[in-house]
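Quick heads-up: it's one chain on its own, the form predicted alone, in structure tokens.
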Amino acid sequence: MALFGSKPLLKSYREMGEQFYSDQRPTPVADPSLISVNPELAEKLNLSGSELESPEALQIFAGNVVPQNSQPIATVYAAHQFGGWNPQLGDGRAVLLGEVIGKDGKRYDVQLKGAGQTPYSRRGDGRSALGPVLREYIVSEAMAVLDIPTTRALAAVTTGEQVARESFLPGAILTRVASSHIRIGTFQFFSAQGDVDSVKTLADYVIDRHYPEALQNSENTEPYSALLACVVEAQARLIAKWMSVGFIHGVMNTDNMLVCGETVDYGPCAFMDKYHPGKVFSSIDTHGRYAYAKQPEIAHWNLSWLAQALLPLMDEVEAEAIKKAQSALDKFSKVFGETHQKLMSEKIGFVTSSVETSQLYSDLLELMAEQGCDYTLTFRALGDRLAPEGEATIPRDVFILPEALNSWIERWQKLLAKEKIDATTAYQLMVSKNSAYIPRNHQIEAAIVQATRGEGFTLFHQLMNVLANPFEYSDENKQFAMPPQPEEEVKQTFCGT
């Protein structure tokens, strides 16, 4: 049985109209070799998991063979990039093979990233180096396990070819899966041209594919302000989840925000080691536009451009359209605040959030910044303070809570007692919300270096195995819980283009 079976890949995005895409077949590669496949994801997508490692599947993942009945495309979009307007971008190194219907009845895109030049490549080669493919595979799958909406990795292959960056590096291709790849920048492309008909076609498609509730929630048969509200709420929840795990996206341009509410494009991203609200990793973010603490503000700014694109659909009277758009945008602060407050309260053992729990975790974050505490391990070690005897806890040679937190810990324990939350209940909640393992920058880098040097993928596979169960600490995998030594610390991450 073939990878996609007898069912052809669907092409509903293509069917909207040729203004949304360019026909584009993947560019074949010389000598592909399999790095990794994701049978768990394949099963969810109703794909043939047993065929993932077949010679035919390898050729599909490499772009050397196009699946039967696939009509691959590259999609067009625009963007605000670091605040500056770029009127035309597009899939410069990605090819959308088509769509599949998952076991949940939803539609998913299957895309090859690094599959060669497209009409939107500008001066790029359309390829991807091995390092960015491994990074995206590791981090996107880690995010999925942490219950953070994200694109997924179905497969990764090497190409047997070199790509020219600052030096020559081995090439690779990622098979990426998303609920869709429609971006805020997709709407901006047509809005900037004054093509209201295409904006409407796209909006209707997004409602049908992602937010059918917008039709039920619409005002006076106008569903587009309801659509905006849906996207605003999805993004607010997404950013709250990023913040709760210490994740920094690094390049929150409007072309990197999917309207379906999933995280996309893991270029200069990172999970924080030492906590600081102003933390930046991206080598190109020299002014800290996309710093950790600024992510909610930037998301809201990006969403305002989606609102602008949808304005002509909301009301013929501009003032009324603006009023509707503002009402939808105003939902961001409330949804983000409530979601973030709940997540952070749970991280310190409280089932429900309150003014007191909010003050408590806010004070904790201030102390963590002052003390340079590891973000992930601080919350995990606090939970360990409540662990029943015999439970696996983070050993002291991995992380120790600083004494400067002692007075805060007393306040925390008093509030737990006041709320009548016993230690075992708090511990069980905290250990389920605070992972012992995250995809740490230095460990990802070590896996990339090993693979790029031609020394194999042992570290990559070890890391993937540990991150598949991030909440279950074991001494056997102690090295993957450890924060970096000073000489191991990764202070900058880089875009893969």
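In case it trips you up, residue 1 is the first one in the sequence shown, and so on. Small disclaimer: the values here were computed from a predicted structure and weren't measured.
What follows is about the form predicted in complex with a small molecule, which we do not show.
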query	finding
Contact residue in the model of the complex, from 165, 342, 289, 80 (heavy atom within 4.5 Å of the small molecule)	165
Selected contact from 261, 90, 383, 246, since only one has a non-hydrogen atom within 4.5 angstroms of the small molecule in the model of the complex	90
Among 226-234, 124-132, 144-152, 384-392, the region lying within 4.5 Å of the small molecule in the model of the complex by heavy atom distance	124-132
Exercise: residue 256 in contact with the small molecule in the model of the complex, heavy atom 4.5 Å	yes
Any non-hydrogen atom of residue 285 within 4.5 angstroms of the small molecule in the model of the complex	no
Interface membership of residue 109, the small molecule in the model of the complex, 4.5 Å heavy atom rule	no
Contact of residue 265 with the small molecule in the model of the complex (heavy atom, 4.5 Å)	yes
